[in-house]
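Just one chain is shown here, as structure tokens, and it is the form predicted alone.
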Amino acid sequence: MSEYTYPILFGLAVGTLTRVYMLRTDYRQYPTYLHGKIIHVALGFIAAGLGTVAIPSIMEEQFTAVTFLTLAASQFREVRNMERNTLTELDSYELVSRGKTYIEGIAIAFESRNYLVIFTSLLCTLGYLLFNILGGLAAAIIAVIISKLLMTGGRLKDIVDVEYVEPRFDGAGLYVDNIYIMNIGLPERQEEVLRYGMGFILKPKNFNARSTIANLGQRQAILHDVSTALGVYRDSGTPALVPLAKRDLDDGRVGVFVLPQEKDIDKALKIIGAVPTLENAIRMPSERQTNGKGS
């Protein structure tokens, strides 16, 4: 038995378990259970194998073997394409769509987590070879903590204050606070909207947050998550019952109007606060202003 057998098996096991730990099916039901998970666990096993053999290859001066890591990077880019294509196809059948920005964020996350598995396996194998099994375990704990920190993105509650506001009509215009949402002329539709509708005001905590929640993809993510968790009172072909989010152009606040099947204000506030801040929606205009002072 080779001296590298146990370190390789150790790195392979920790890397695969790390991928399982980072793979969660939540209320959005993605990845699907069970077959969607099998695909990602299998890819995580492959990523763990690539990471764990890199150190023994370098120690044996088999440098050509390390080039497989470069090949792996191109293959894992296909994971992003696979997730993007799958979610885009599914999105057309959602009553409240995720939106392209949300889909791209999910696809990037699935690709990046395979690289975290490679990093974890590589670090564990290195710790085992340099020290012993205890060194490998210490490296595993450090790698898992780093992976946990990197996989946890920002939440909407970090950048906005969320407040419930009862929707109201002014003539045919539907308003959340003073923010115009849409025009509904039919009295029976207005009754449905007032009976089932909920309104929320998102107040940005700073100038950067104002630009982030102005992003259409970020707003669509809010509508999708609330509608997924609480249900949605609508069917296809009912444009008057579509959830919407509109801006106040003066101060950057966003008015969110939803029609949930479960009208629970406290739960809705928690859901909106837990909506991920999409990487592609984050804007830092104040950074540009700071950097531009000396120009």
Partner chain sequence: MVLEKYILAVITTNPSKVPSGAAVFHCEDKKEMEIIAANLEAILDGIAHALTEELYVIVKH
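Numbering follows the first chain given and starts at 1. Please read these numbers as outputs of a predicted model, since none were measured by experiment.
Although it is not shown, the form predicted in complex with its partner chain is what the next lines describe.
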Quiz item: Tell me, which of A240, I58, L69, V41 has a heavy atom within 4.5 angstroms of its partner chain in the model of the complex?
Solution: A240
Quiz item: If you check S74, N183, T152, S92 against its partner chain in the model of the complex, which one has a heavy atom within 4.5 Å?
Solution: N183
Self-check item: Options 248 to 256, 262 to 270, 232 to 240, 44 to 52; stretch whose heavy atom lies within 4.5 Å of its partner chain in the model of the complex
Solution: 232 to 240
Practice problem: Would you check, heavy atoms only and a 4.5 Å threshold, whether M82 touches its partner chain in the model of the complex? | Solution: no
Self-check item: in the model of the complex, I141 touching its partner chain (heavy atom, 4.5 Å)
Solution: no
Practice problem: Give a yes or no for E78: in the model of the complex, does one of its heavy atoms lie within 4.5 Å of a heavy atom belonging to its partner chain? | Solution: no
Quiz item: Are any of the heavy atoms in A172 no more than 4.5 Å from a heavy atom of its partner chain in the model of the complex?
Solution: yes
Practice problem: Quick one: name the residues from 187 to 201 with any non-hydrogen atom within 4.5 angstroms of its partner chain in the model of the complex. | Solution: P187, E188, R189
